[in-house]
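A lone chain, given as structure tokens: the form predicted on its own.
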């Protein structure tokens, strides 16, 4: 299937590892030029060079902390200066700490809000004028299965990724007439550094090995395994493509059947 991404420019946030990197690699393989970011310039330069060498795509790496509005403005402007426009935005950010309600201060709530909600809002704010002018655009937010089925001990992520979903669903209606789609993609348990970190932390609390803890997750998943980043990235590439032009305002899980709700 030709996804018609060969002349598109995609900005993928937090793309140095995990799902962000997998999505960036998939879009590059489909022919898109990339703007990618992470907090460390050396790290994102290495990733940009690796993707460019492996796939042949044009890739611009920018050091940016998406929880900081000034960094978001600089990131988007850098992409526009290099490529002339941003056609596709994939919002993404590292997960906030795990813990119960009583374990977090107001400052930690505010930091998590900047990281997860404000970053998505500000990235969208910066790219939308150009998308409206060209009457074409794709915004895809990487959220979590926790939006539909909260995960124990992840109160920050459960709360704020749900807020991103409400923002995206409302924005989708506002910009649909401009040929812009806004969707969310909800990763389940996937083989990323973030999930490995969570499994180690939770396993230590329970006095078991990380492998035993992951096995417990796998028992809850109908497919009896955790996902691979490339499986997630395949859907992301479709949702930002021309082929998905009539899909907007929705949240789609990639979770091996873990979510138990009907819709």
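Residue numbers count along the first chain shown, from 1. Since this is a predicted model, take the numbers as computed values, not measurements.
Beyond what is shown, the protein has a form predicted in complex with nicotinamide-adenine-dinucleotide; the following relates to that form.
Participant: Tell me the stretch among 28 to 36, 59 to 67, 233 to 241, 204 to 212 that has any heavy atom within 4.5 angstroms of nicotinamide-adenine-dinucleotide in the model of the complex.
Facilitator: Going through the listed ranges, the match is 59 to 67.
Participant: Please run the contact check for residue 137 against nicotinamide-adenine-dinucleotide in the model of the complex: heavy atoms, 4.5 angstroms, yes or no?
Facilitator: Residue 137 lies outside the contact set for nicotinamide-adenine-dinucleotide.
Participant: Hey, in the model of the complex, is residue 187 touching nicotinamide-adenine-dinucleotide, heavy atoms inside 4.5 Å?
Facilitator: Because a heavy atom of residue 187 falls inside 4.5 Å of nicotinamide-adenine-dinucleotide in the model of the complex, the answer is yes.
Participant: Spell out, yes or no, whether the shortest heavy atom distance between residue 10 and nicotinamide-adenine-dinucleotide in the model of the complex is within 4.5 Å.
Facilitator: No, residue 10 sits far enough from nicotinamide-adenine-dinucleotide in the model of the complex that none of its heavy atoms falls within 4.5 Å.
Participant: I'd like to check something about residue 18: if you look in the model of the complex, is any of its heavy atoms closer than or equal to 4.5 Å to a heavy atom of nicotinamide-adenine-dinucleotide?
Facilitator: Within the cut-off, so yes.
Participant: Within 4.5 Å of nicotinamide-adenine-dinucleotide in the model of the complex, heavy atoms considered, which of 172, 156, 131, 115?
Facilitator: Exactly one residue meets the criterion: 115.
Participant: Please pick, from 164, 142, 124, 76, the one residue with any non-hydrogen atom lying within 4.5 angstroms of nicotinamide-adenine-dinucleotide in the model of the complex.
Facilitator: Exactly one residue meets the criterion: 142.
Participant: What residues in 77 to 93 sit within 4.5 Å of nicotinamide-adenine-dinucleotide in the model of the complex, counting heavy atoms only?
Facilitator: 92, 93 sit within 4.5 Å of the partner.
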